[in-house]
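We begin with a single chain expressed as structure tokens, specifically the form predicted alone.
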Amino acid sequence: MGTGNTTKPTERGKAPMGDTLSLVTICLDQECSSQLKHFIDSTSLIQLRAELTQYLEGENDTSLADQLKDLRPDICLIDFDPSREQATRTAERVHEDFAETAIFATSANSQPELIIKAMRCGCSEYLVKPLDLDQLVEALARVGGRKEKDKREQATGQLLALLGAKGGSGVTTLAIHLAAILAQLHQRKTLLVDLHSDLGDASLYLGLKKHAYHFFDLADNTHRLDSELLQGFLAHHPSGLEVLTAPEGFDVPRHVSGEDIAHTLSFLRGRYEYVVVDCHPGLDDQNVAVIDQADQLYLVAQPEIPALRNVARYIDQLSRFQYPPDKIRVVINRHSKKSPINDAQIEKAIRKSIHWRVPNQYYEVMKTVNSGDPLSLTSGSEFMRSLTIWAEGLAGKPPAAAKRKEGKGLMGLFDRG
């Protein structure tokens, strides 16, 4: 189906898109499949995720839906020639259940009434066989453009990821305090995500009761994501901070892919001003999905040789992802001017400047955590003063009304009543 576009054609293989688009084909004939694969081998525009050989069998058939749920392609290319009736029913089902998936129809028949019928059942493109590759590239460009536009419209909030150079770096402590300050003192709509699939501590540190659902349950339901569903997964802290907790034990029901994590975070960014993610150590596909989405990645380390060695390793590995240099920032936790390793030595070792220094008040902080009220530190403490200034760098000066409420100390704002 012609586009009617009189502008300069897009050069084949160089459509103006961002990420590679994923594709699933359904009942594609051998000749068309071979032509498509040859094109895919010559470009980075598109990735063939799967070739399905059956249409939707009937109204109650869930096999195709289950496959597409796992694959979650950007584009579903359906061959209408083997059975136009079944192809139409399949397109209608895909359109109904997977609104974010673009549906392309392909057929050797170019009669206008058939093209119109295909459009009515949810197809956004109609490609006549044999495939015109320039037409295909233009169609891909339209899907890529819509995808990027949706990302810009959804991702209105800032996503801040905190990642420890090694276990015990104090990431959870920093994440809960930073998120709580943004929520209460700055009156910003803030969400804390505990990304630990096992033994996450954010809810414990915040004194929250056991919650029925956790973040991975939500990410396992990306096909159903909406504001109403989200409410059932949120834990609420008196500061105004909302939390997606980690599982209580080791029984995460299934592996949640990096793609599901990314989709969930994109959804959440559209509903919060700040999303703070407490990451588990490492660079698995889940953490990489978070880092891809993040506006800032804070690498947290203590001033000790094993941690600093890991920071250097992280920075070296992350440099291969071609992130903007300012995206990755180093935070030295439990910083002390009396440390055997001074700042100049740290920066030489990691080949990067220190972005933030959090003073060492370990015993005071752990005393409040062990008492079940980790947010009870006063604003006069060096630790809390540092976190408050850090938050101001993100959100600006807090409203005057919030300052007046501070009373005995900043953490008076978190009185549980």
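Owing to the predicted nature of the structure, the values given are computational and were not obtained by experimental measurement. The numbering used is simple: start at 1 and walk along the sequence shown.
From this point on, the text means the form predicted together with a small molecule, which you will not see here.
Colleague: Find out whether any non-hydrogen atom of residue 196 is located within 4.5 angstroms of the small molecule in the predicted complex, and reply yes or no.
Modeller: Residue 196: yes, in contact with the small molecule in the predicted complex.
Colleague: Does residue 67 make contact with the small molecule in the predicted complex, using a 4.5 Å heavy atom cut-off?
Modeller: Residue-level check for residue 67: no, no contact with the small molecule.
Colleague: Give a yes/no on whether residue 190 approaches the small molecule to within 4.5 Å in the predicted complex, heavy atoms considered.
Modeller: Outside the cut-off, so no.
Colleague: Heavy atom to heavy atom, is residue 90 within 4.5 Å of the small molecule in the predicted complex?
Modeller: No, residue 90 is distant from the partner.
Colleague: Can you say which of 34-42, 388-396, 47-55, 358-366 gets within 4.5 Å of the small molecule in the predicted complex, counting heavy atoms only?
Modeller: Every other range fails; the passing one is 358-366.
Colleague: If you check 179, 161, 244, 171 against the small molecule in the predicted complex, which one has a heavy atom within 4.5 Å?
Modeller: The residue in contact is 171.
Colleague: Only one of 130, 340, 167, 306 has a non-hydrogen atom within 4.5 angstroms of the small molecule in the predicted complex; which is it?
Modeller: Checking each option against the small molecule in the predicted complex, the one that comes within 4.5 Å is 167.
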